[in-house]
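As structure tokens, one chain now follows by itself in the form predicted on its own.
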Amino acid sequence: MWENLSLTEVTELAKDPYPSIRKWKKETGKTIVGSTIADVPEEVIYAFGFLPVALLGTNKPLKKAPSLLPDNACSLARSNLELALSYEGDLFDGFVLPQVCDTTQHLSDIWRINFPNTYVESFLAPRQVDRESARYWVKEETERLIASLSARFNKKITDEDLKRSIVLHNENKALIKEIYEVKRKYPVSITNKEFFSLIKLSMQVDKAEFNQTLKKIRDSLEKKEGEGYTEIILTGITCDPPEIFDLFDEIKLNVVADALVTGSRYLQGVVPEGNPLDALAERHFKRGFYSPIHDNVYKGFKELKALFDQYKPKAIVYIHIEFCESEEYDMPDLKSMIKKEGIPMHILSTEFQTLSLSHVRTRLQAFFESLKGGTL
């Protein structure tokens, strides 16, 4: 179903993958396990023969979530809850929910209450990753998740099952990285929206099938240089609604690097060789900065500075999810440090239920027009 898609089809499916996932489930009869981001080891879920589906919110109206989460809960948490409660909950056979901030901790409790007959498990990723005990913790959590899935679905997995799953997922990330390299040099070959749709859809569909699409797209890209493009770096957690990428494409911004959880941080999730459980635990500490989970408050700045020095873009665009408590905590210091380096940075505040992007377009255009006259 997902093995021979065009870029146009990928972009359309990424907007709403659930009808195709429903069809796939009906045809295969396989179990589907959803998880909110971040860092749930999807390789483990896939090793059971299940389909791991990342829950990436919804742009549909909020009907039930506002009565269960306060208005100042981040829109990603609210829209994920709404997605399950009002739109797609019946599709899933279970959920694995990471707890990485106060909102996600409460969210997992709310989820259990509202899905009393559905498998709901937590994945407790350590927030302080500089301690040696954190590695032990991640391995233990992974083993606990395996035992929990095994007990609920009455199925066992072996190290070989895990290794095969890891190889498949590593291939997926390697293929997307190859396409990213083409995009950096030849922005005409693939738009921002098309590229990030590839990442989003790969987080939600069967990689054994989707890797075939990635190979086809990689091999078909035309390497043509474009004129008038401005290179930028994106940072944040997600970039939603996806129409934001339309704005980037409209004013000819080319994303050459990013620190998004639904971007390069996901692509950094390649699992090293070795014992699969040890390798999965080690992978957790090789990923880039993520606002709720870090060992150094300066790490986000250092990583962005390194990306800026490597790719030499014109500016950084920070995609700020309204009311994300972790981003709200980190952003003032990050903004100050970036400014001291003389690096132009634009903060683009948004939420998943944004109905109009006219104000975003105006501010974005004004920011990049100002760069033509000098740095900010």
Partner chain sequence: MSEKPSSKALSKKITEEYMDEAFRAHELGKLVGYTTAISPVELFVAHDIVPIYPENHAVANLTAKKGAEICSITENLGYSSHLCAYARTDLGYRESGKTITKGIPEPDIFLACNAQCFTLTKWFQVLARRGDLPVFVFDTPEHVMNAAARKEIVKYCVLQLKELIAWLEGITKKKFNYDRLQEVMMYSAQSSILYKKFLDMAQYKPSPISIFDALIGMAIAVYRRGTPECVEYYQTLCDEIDEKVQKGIGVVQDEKYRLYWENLPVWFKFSDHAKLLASYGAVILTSLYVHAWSLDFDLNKDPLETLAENYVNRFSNSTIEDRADMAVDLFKRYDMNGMIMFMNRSCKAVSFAVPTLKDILTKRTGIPALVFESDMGDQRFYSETQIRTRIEAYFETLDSLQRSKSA
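Remember, it's a predicted structure, so these values are computed and weren't measured experimentally. Positions refer to the first chain, counted from 1.
The same protein also has a form predicted together with its partner chain, omitted here; what follows describes it.
**Student:** Check for me whether its partner chain, as it appears in the model of the complex, comes within 4.5 angstroms of all of L69, Y136 and Y298 - heavy atoms only.
**Tutor:** All three within 4.5 Å in the model of the complex.
**Student:** Could you tell me which one of P292, G288, P241, P98 places a heavy atom within 4.5 Å of its partner chain in the model of the complex?
**Tutor:** Checking each option against its partner chain in the model of the complex, the one that comes within 4.5 Å is P292.
**Student:** Of the options R152, K177, R127, K305, which one has a non-hydrogen atom that comes within 4.5 Å of its partner chain in the model of the complex?
**Tutor:** Spelling it out, the residue with a heavy atom inside the cut-off is R127.
**Student:** Pick the stretch from 212-220, 105-113, 250-258, 263-271 whose residues have a heavy atom within 4.5 Å of its partner chain in the model of the complex.
**Tutor:** Result for this chain: 105-113.
**Student:** Consider T31 of the chain shown here, and say whether it contacts its partner chain in the model of the complex, taking contact as heavy atoms within 4.5 Å.
**Tutor:** No, T31 is distant from the partner.
**Student:** Does its partner chain get within 4.5 angstroms of any non-hydrogen atom of E132 in the model of the complex?
**Tutor:** Heavy-atom contact with its partner chain at 4.5 Å: present for E132.
**Student:** I'd like to check something about M203: if you look in the model of the complex, is any of its heavy atoms closer than or equal to 4.5 Å to a heavy atom of its partner chain?
**Tutor:** Outside the cut-off, so no.
**Student:** Could you tell me if L51 has a non-hydrogen atom within 4.5 Å of its partner chain in the model of the complex?
**Tutor:** Although its partner chain is absent here, L51 would stay clear of it in the model of the complex, with no heavy atoms inside 4.5 Å.
**Student:** If you apply a 4.5 angstroms heavy atom cut-off, which residues in 311-344 are near its partner chain in the model of the complex?
**Tutor:** Contacts from 311-344: F323, E325, S326, E328, Y329, D330, P332, D333, M337.
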